[in-house]
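Just so you know, structure 1 and structure 2 below are the same protein chain in two forms, each on its own as structure tokens.
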Structure 1
Amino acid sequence: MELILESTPDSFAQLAQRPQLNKTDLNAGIETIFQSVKTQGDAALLQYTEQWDGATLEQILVTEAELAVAKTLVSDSLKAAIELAYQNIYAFHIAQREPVQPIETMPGVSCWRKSVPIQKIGLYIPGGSAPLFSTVLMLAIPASIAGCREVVLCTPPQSNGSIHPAILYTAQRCGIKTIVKVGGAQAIAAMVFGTASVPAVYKLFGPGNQYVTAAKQKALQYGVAIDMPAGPSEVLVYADETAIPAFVAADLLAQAEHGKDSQVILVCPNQAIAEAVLREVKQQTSTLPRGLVVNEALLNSKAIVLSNAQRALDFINEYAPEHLILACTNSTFFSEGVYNAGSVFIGNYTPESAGDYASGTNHTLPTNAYAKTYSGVSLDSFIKKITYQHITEKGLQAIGSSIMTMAEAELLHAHKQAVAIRLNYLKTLNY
């Protein structure tokens, strides 16, 4: 990690930059994949899966037999942990339901809004060396609460053609029936266009690397909605003298191990804290099985000393982190002042890992500064809001003249006529 001392606000935008791939090459490759899947369907999916995942598949969909085997391969302790997480995530998300609340804006004019589920959704679950079965919980539980009719789950297979048993077990626990052994941009394309095996969906969910993120953004061009641009994982930790350096280092490394394109940021009020944390980072990295991945991610990462708290807060809002950890005495100042962050973790005993797995909040969050404009996944992500209104005869008489005046001022005379013809009719009925 690079140590940076006392930066000024005019350098914040540069400091907040994330590592990027060549977007020209990236987008060209995504377009090729999309067209191949669109025209060749399952055949393209099989080819790409063999090419990039090293798996030769006989079929794309997971079978009932595979689900049964997976259930036996998950330990009882992991099943219990998954169940605890399931209950907490369910409790947090079901509390987000909104009752229908009709309101009479004026006598005889009633308006209300109703939540309805998006009917067909696609879930992308990263797999491979880090099978994120926890993401199944984060996406499938609110989808179930919302009442989504069809849920398609895509995840890359291991080289032997199997899906990690924890992913399959968790998908079963969440009631998912369609599980597809395809990952990467080709999985996104399959859910956009549909193939013989993979149903097309209306909205896509799930995190992924920059290829998956680019594919999701490409999906928008074909009329398929996405949850957010969720790319490589990131965390920003603000730590003062009350922080425990070993804890801070562990939180930084927890995000760095996601992938070599991840980024972790440490912000401290003085250099001594930063150096203490960096020593811990070096020591702990040497013990991690994914140490090579971590070290590559740390090349993209920074430790920044900002002695002024307001300036530190300004940098946090400029960076707009996916995860923000506040290990400091003045956490209220920061938590109340932050307006660009995906999810906030307060105190020395609130590791980001809790949000990743079992505390209840959703871990599918905006990255790459998209927290400036996007929220993390919630129940609202899986529903649409439809507005309704009902106007009585008396209500139309009360509001009608205003509608006609406004329509005439906009030179939209048919709009005016749609009201006038009704008011004239009511006159014939002696209203």
Structure 2
Amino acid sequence: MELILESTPDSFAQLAQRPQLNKTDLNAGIETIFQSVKTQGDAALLQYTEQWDGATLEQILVTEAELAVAKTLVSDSLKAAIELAYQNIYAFHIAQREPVQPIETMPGVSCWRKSVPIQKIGLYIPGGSAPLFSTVLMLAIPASIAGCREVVLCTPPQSNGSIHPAILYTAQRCGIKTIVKVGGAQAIAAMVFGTASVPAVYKLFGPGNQYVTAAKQKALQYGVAIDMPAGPSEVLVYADETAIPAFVAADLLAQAEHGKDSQVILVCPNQAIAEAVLREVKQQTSTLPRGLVVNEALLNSKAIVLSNAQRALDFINEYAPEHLILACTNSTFFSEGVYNAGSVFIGNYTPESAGDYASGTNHTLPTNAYAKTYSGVSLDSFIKKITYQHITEKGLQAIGSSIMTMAEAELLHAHKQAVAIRLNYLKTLNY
């Protein structure tokens, strides 16, 4: 981690830049996959799964029997942990429901809006080194609260053709019926076009590698929505002398272990704290099994000393961190002043791990400064809001001439006529 002393605001934009990724243009390859899946359906999925996951499958959908076996393979302690996380995530997300609340904008003019579920959604859960069953919770719980009618989960099989039992167990717990053993861009293509086994969906959720990310971008071009644009995970910790350096270091390392393209940023009001944390980082790194990944991520990372709190807040807002940890006395100043962040963790006993798994907030959050524009996943991500209006005869008489004046000024005569014809009719009724 590079130590940077007292930056000035004119350097903030540059300092806030994420490590540049070597972006290969994957578009041509992805388009080929999309076209194969579109024309050959399940056959293409089976062939790609053999080619890239090394798994020869007879059946691409997870069976009831496999689900039953998975239940027996998950330990009771993990089941209990998943259950606690489930309840907390459920409690936080169900409170996000919005009641229908009619507004009478004028006498006789009633307007309201109603949340309705997106009917068909697709969840992508990566395979690879770690079975991300926590992401199943984070996506499937709000989808189920929203009432999405069709939920498909795609995840690549291991080379023996199986899916990690924790993923299958969690998906069952969340009520997901359709689990497909397919990963990569072919999984995204399957959910965009639909195949004999995989239903087409309207919106795609979930993290993935560069192929999945590129495929989700292509899905947009085919009219399928996505949760948010993707980028490497990151954390920014603001720590003052009331922070405990060992805790701060542990939080930085938890972020760094996600991948070598992760970035961790430490901001401190003085150099002594920064150096105490850096010493702890060094010491704790040596004990971690993912030390190599962590060390690479730390090369992208910075410890920045900013003695002025307002300036530190300005930098935080410029950086727009996915995760912001506030380990400081003046946490209210920062938590109330921050306007660009995904999720904020306040105090010495609120590690990011808590939000990653079990506190109740969602861990699918905007990275790569997208927190300037996007929210994390929430119940909102799984619904649409339809607006309604009902106008009475009196209401139309009150509002009609304004509509006609505006329509005329916009040269939209038929718009004016739609009101005029009604008002004229009401006159004939002596209204």
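This structure is a prediction, so every number in the text was calculated from the model and none was measured. Think of the rigid core as the biggest set of C-alphas that the two forms share within 1.5 Å after superposition. Residue numbering: sequential along structure 1, first residue numbered 1.
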| item | value |
| --- | --- |
| Structure number of the form predicted together with a further copy of the same chain | 2 |
| Large Cα shift (2 Å or above) at F334 between structure 1 and structure 2, core-fitted | no |
| S75 C-alpha moves between structure 1 and structure 2 by 2 Å or more, core aligned | no |
| Shift of T39 between structure 1 and structure 2 at or above 2 Å (CA, core fit) | yes |
| Inter-form CA displacement between structure 1 and structure 2 at W52 - rigid core frame, Å | 4.6 |
